[in-house]
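Single chain ahead, written as structure tokens, the form predicted on its own.
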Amino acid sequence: MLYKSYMSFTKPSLADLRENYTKAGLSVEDVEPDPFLQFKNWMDEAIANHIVDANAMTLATADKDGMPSARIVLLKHYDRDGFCFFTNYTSQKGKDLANNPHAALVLHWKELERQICIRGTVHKTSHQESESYFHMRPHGSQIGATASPQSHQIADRSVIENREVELLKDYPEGTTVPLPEFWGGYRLDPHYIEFWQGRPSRLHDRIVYTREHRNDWQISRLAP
């Protein structure tokens, strides 16, 4: 009865919402032997198809007690050493990763009926890498990163707005904003990369790369 009452809140009901995925298939024979090259192929295709925020990805972390949390972050660089994103080191995700340096990433491109799921170990990027990326950001984004005590409780929005005003006086447009000591990058070094292609009847294709040695990957298929 309780389930039925929840169902009545939406028209049509959530249980009736579904898509049948028919755009493409994926087999072991289709993919590159190198997962990073396969990732590049799919990312390039997402960008070519004008997917909005093609580099947006869910980052899942867990604290020292195993309590999980997840949020959307932006992929800003990738190579054979891993996948990089940038944030406040004192944020919830920063605290989680300080105590439990294992995380998962998911990129979802609905328009292409694709997902990429990645698991691995996370470590901070070098100070030089963090500083280089920080100063590539728009001036307003640099000020915002410096102004916000991310994930910490504040009395109201005026706290960060007032801090922004102060920082703009110290560092107006055209000046160099110093890299905050609490801000920088993380690199996820993967041991598992899954390429998921939607298929009809929920019989999706899942091709997985599992790392055996540093540059040695085993490719296999998983049931959907």
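Everything quoted here is computed from the prediction, not taken from an experiment. Just count from 1 along the sequence shown to find any residue number.
Although it is not shown, the form predicted in complex with a small molecule is what the next lines describe.
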ask   = Using a 4.5 Å heavy atom cut-off, which stretch among 81 to 89, 99 to 107, 139 to 147, 115 to 123 contacts the small molecule in the predicted complex?
value = 81 to 89
inquiry  = Under a 4.5 Å heavy atom criterion, is L74 part of the interface with the small molecule in the predicted complex?
reply    = yes
request  = Please check if S151 has a heavy atom lying within 4.5 Å of any heavy atom of the small molecule in the predicted complex.
outcome  = yes
inquiry  = Even though the partner isn't displayed, in the predicted complex is D53 close enough to the small molecule, meaning a heavy atom within 4.5 Å?
reply    = yes
